[in-house]
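Read the single chain below, which is given as structure tokens and is the form predicted on its own.
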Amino acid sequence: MPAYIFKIGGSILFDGEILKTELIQKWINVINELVSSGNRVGIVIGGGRPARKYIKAASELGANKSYQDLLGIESARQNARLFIAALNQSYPTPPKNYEELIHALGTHDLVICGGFQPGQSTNAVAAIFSETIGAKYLFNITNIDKVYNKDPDNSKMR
């Protein structure tokens, strides 16, 4: 059975403070079509603006980098839950680690997750997910316009 992974950057889910529900609905329609055609689909969603807000506040309040990452991971999982709510055939909760991902894949053809652990990006989670299910394609949907050898936004550097 063919498998596809979509890594959706959390930053493109929002227009300022407003969720782009019309755009999200378009992705939901594509995902529904792929699953109903007999494909396995994995989705990894980033934390986006909410994650950056929590990380910045936690940093200002003295939290260490690992704890800041945990806040970002929770934001990504919240974004994943939004997609789960719209895709009722998906595994009902975002897996929190690789073992939970394996379990979810044993029962569902559609699994949606956020981050797994501090120090690991959702891009890395998407790569692990892709390898795990032998995905034919990994689509990275992002607001980054090029491939860079370092973070192009120095304001995000920690």
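Note that the structure is predicted; figures quoted are calculated from it, not measured. In this text, residue numbers run from 1 along the sequence as written.
FYI, the form predicted together with a small molecule isn't displayed, but the following is about it.
Trainee: Can you pick the stretch from 105 to 113, 129 to 137, 39 to 47, 26 to 34 whose heavy atoms fall within 4.5 Å of the small molecule in the predicted complex?
Mentor: Every other range fails; the passing one is 39 to 47.
Trainee: Is Thr21 close to the small molecule in the predicted complex, meaning a heavy atom pair under 4.5 Å apart or at it?
Mentor: So Thr21 does not count as contacting the small molecule.
Trainee: How about Ile55 - does it come within 4.5 Å of the small molecule in the predicted complex, if we only consider non-hydrogen atoms?
Mentor: Flag for Ile55 set to yes.
Trainee: Using 4.5 Å between non-hydrogen atoms, is Ala80 touching the small molecule in the predicted complex?
Mentor: Heavy-atom contact with the small molecule at 4.5 Å: absent for Ala80.
Trainee: Going by a heavy atom distance of 4.5 Å, is Thr122 a contact of the small molecule in the predicted complex?
Mentor: Yes, contact at 4.5 Å.
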